[in-house]
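Here you get one chain, nothing else, as structure tokens; it is the form predicted alone.
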């Protein structure tokens, strides 16, 4: 659905539904929480009853955000979550485009097949046939930017408040690595400028996200760089690997490895950075790149994942050693591209 058509018809469409569930992907990040909470506040102003559900907990450095205390965390209260899903007249997918990305919620979503779906997302490879309405723009910094555009279309003067602006700024800021990547057009900065005001302090928001480390989190970061970072100059690549034991040693909390993958990219001539972590029997990959090297293509081809040109993720079900070995094995295929 074209963006303008979505904007034109959204308000009339959404008011047809009295009970709406807003759902995010598993391991929700700043964009998932920011876009979902901003969308929630917007729907509330339109007179629509909504509930935000996340599959599992979100990082502690987002716990100060307005309204997050009202988010239902599915793996902590699945009975209530199922009740909301079963009673929903519309389910909105925010910051993901496939039900398999919802972790424990996935099975219960399968029992709600007749419930209409709405999509707002910026990731690739969406199957639009499952949605009544959709707003999907790959060359957009974040889902929060899309929600900001939607609200701006209906009138910032009427609908934008401090809560919505704060949530949107968090989403855009975190999904661009503090405006260091995934910005495709100047409108991203223009939108953010319109949301900053004397009562919406960008510097304070930035500090709350990036300067509230626990001691354990900071020590884990030091360990990652000193003990677990490998630099492969031949491939202009660096990777960090963390075992389950490593995480337990530093009393890992959700969000403690957020941003770790970006540090190897600070090395001159490194074009791809990878974080490989062992969690609950699954190996998770986080990829970042500079320039036009597509980590989306690499993650999609080899690691059951994807994302964006410069930021992507993936998973494998194997041992940490096997995951690292597979990563090292496929690197020669990309040597020419990484050497450009």
Ligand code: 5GP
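Numbering follows the first chain given and starts at 1. Predicted model only: the values in this text are computed from it and were never measured.
One more form of this protein, predicted together with the ligand, exists but is not displayed; see below.
query: So which of 304, 44, 70, 63 reaches within 4.5 angstroms of the ligand in the model of the complex, heavy atom to heavy atom?
result: Among 304, 44, 70, 63, a heavy atom within 4.5 Å of the ligand in the model of the complex occurs only for 304.
query: Given that the ligand is left out here, which of 236, 123, 228, 181 has a heavy atom within 4.5 Å of it in the model of the complex?
result: Selected residue: 123.
query: Is there a non-hydrogen atom of residue 101 within 4.5 angstroms of a non-hydrogen atom of the ligand in the model of the complex?
result: The answer is yes: residue 101 has a heavy atom within 4.5 Å of the ligand.
query: Would residue 271 count as a contact of the ligand in the model of the complex, using a 4.5 angstroms cut-off between non-hydrogen atoms?
result: Answer no; every heavy atom of residue 271 is more than 4.5 Å from the ligand in the model of the complex.
- request: Evaluate residue 277 for contact with the ligand in the model of the complex, applying a 4.5 angstroms cut-off between non-hydrogen atoms, and reply yes or no.
  value: No, residue 277 stays farther than 4.5 Å from the ligand in the model of the complex.
task: Consider residue 48 of the chain shown here, and say whether it contacts the ligand in the model of the complex, taking contact as heavy atoms within 4.5 Å.
output: Residue-level check for residue 48: no, no contact with the ligand.
Members of 298 to 328 lying within 4.5 angstroms of the ligand, judged by heavy atom, in the model of the complex: Heavy-atom contacts to the ligand in the model of the complex: 304, 305, 306, 307, 308, 311, 312, 313, 314.
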